[in-house]
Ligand code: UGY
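Below sits a lone chain in structure tokens, taken as the form predicted alone.
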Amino acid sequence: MNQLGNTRSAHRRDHLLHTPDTFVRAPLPSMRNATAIVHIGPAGGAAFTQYTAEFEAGGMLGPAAGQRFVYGLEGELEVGGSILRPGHYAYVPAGYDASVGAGGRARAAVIEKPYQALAGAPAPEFVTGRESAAEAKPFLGDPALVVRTLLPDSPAFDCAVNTMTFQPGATLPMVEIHVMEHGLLMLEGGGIYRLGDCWYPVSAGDFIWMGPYCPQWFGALGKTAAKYLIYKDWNRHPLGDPR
């Protein structure tokens, strides 16, 4: 129990660091035998919602508020008839009938957002996969920093979800500033994240939200690789559909 009011968590206009010592659990509507740690949503400044779902035996999520991405963290889940174990994922398009449930204790990262259609683009399809099976590509030619793309690179998808793995000492090659926002969950290892004009130590279990144009940079520290799951809005014009 924290009796001194100290935490690494911080919330600024353009970013959030949400650390496990500050997590609050509460069920979302229509959840059964499950609870949610809501990391970010519109109330915090984001255009999407990301939460960690924690399931007991027989646990179920309620209907998605738009499209939904589920990444297994612990235990075993069933999503639309597909089995998700840790490192497995599923993308459920808006309006697609795919329940999310667990036979035993399990945890998953869940990302939900309204779908932004694009004129001439097909509707996205239900997708499942395993993160370790996705091609590992060096980021900007750096073999110490690899990216795995989890969703198809297609105009049908208005978002991207990737993993990025940094060998000890690897860093992003530049401070990034861009129109896309991010939701980031630290999966392994740790390091230092620059968000805006602040520098934060981060480790596995931490969540970060980066708003549009938030200056951002990461460097991995320690003796093991650092890895995170990262969401961004993608494939859409900032002004919306030009129709």
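A quick note: this is a predicted structure, and the numbers were derived from the prediction, not measured. Sequential numbering from 1, following the sequence displayed.
Same protein, other form: the form predicted together with this ligand, not shown, and the subject of what follows.
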property	result
All of 127, 148 and 153 within 4.5 Å of this ligand in the predicted bound form, heavy atom check	no
The unique member of 172, 159, 90, 111 whose heavy atoms fall within 4.5 Å of this ligand in the predicted bound form	172
Contact residue in the predicted bound form, from 79, 73, 164, 118 (heavy atom within 4.5 Å of this ligand)	164
This ligand contact at residue 176 in the predicted bound form, heavy atom, 4.5 Å	yes
Exercise: residue 67 in contact with this ligand in the predicted bound form, heavy atom 4.5 Å	no
Partner proximity in the predicted bound form: residue 230 to this ligand, non-hydrogen atom cutoff 4.5 Å	yes
Touches this ligand in the predicted bound form: residue 216 (any heavy atom, 4.5 Å)	yes
Contact segment among 59-67, 39-47, 198-206, 176-184, judged by heavy atoms lying within 4.5 Å of this ligand in the predicted bound form	176-184
Stretch 192-212: residues contacting this ligand in the predicted bound form, 4.5 Å heavy atom cut-off	193, 210
